[in-house]
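In structure tokens, one chain follows: the form predicted alone.
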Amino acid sequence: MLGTTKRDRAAERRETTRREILDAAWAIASEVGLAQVTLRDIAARVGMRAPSLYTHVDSKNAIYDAMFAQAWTECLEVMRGLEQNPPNDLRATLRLYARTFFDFSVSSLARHQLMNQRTVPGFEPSPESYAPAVEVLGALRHRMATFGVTSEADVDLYVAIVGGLVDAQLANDQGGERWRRLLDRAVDMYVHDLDQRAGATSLHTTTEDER
């Protein structure tokens, strides 16, 4: 029929196999840890021999790279959802972003470790795979800047606070609420610090102007 797009069935099969390989890698990582993932185990999960896996991936690090990209792309999609109806003040915005990123992170220990920790010796994500992570942080910076928070150190501190609570939750109370309950309190202290320093800067500026 005229106008009908021809399907690339070979490409579809390759993509299906790729998804199966990533799903198998994540399953193994969740069971035994990221560093214990092997090509042999992945191949067994998807029903092929280990040498055949190389027709789909170049190396184990290539699988980690694809997993990294997938994880941060999923995170980016979740964080983008916050842009549909964002709060109109800094405190509420930072609370919402903190809770959303926290919940995404603690839902999978292996995923969080690959995204945010140096768990796999010798693995470095490619620039292409790292791009979604850069976009997530860039969107956060942009949102904070709309409320006047532009200092790199201030952004770093917020990221460290949220990330630290994620790490504590996963290390000590997986599936619980112990450190999640501290998110709003931590954000409030952070915002209070911003307000205090802004006031001190304003006062100092006034004093200098009056001289």
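As the structure is a prediction and not an experimental result, all values here were calculated from the model. Start at 1 and count along the sequence shown; that's the residue number.
From this point on, the text means the form predicted in complex with a further copy of the same chain, which you will not see here.
| task | May I ask you to state whether L165 is within 4.5 Å of a further copy of the same chain in the predicted bound form, using heavy atom distances? | result | Yes, contact at 4.5 Å.
| task | Please check if R13 has a heavy atom lying within 4.5 Å of any heavy atom of a further copy of the same chain in the predicted bound form. | result | The answer is no: R13 has no heavy atom within 4.5 Å of a further copy of the same chain.
| said: Would you classify D41 as touching a further copy of the same chain in the predicted bound form, given a 4.5 Å non-hydrogen atom cut-off? | reply: No.
| task | Please run the contact check for D23 against a further copy of the same chain in the predicted bound form: heavy atoms, 4.5 angstroms, yes or no? | result | It does not: once a further copy of the same chain is placed as it appears in the predicted bound form, D23 has no heavy atom within 4.5 Å of it.
| Out of 173-181, 23-31, 65-73, 45-53, where are the residues with a heavy atom within 4.5 Å of a further copy of the same chain in the predicted bound form? | One stretch meets the cut-off, namely 173-181.
| Contact assignment for a further copy of the same chain in the predicted bound form, among S129, T119, T93, S108, heavy atom within 4.5 Å | Only one option qualifies, and that one is T119.
| request: Identify whether a further copy of the same chain in the predicted bound form is within 4.5 Å of every residue in the set D154, A186 and L194, based on non-hydrogen atoms. | output: Result yes, every residue of the spot touches a further copy of the same chain.
| task | Could you list which residues of 31-54 come within 4.5 Å of a further copy of the same chain in the predicted bound form, counting heavy atoms only? | result | Stretch hits, in order: A35, Q36.
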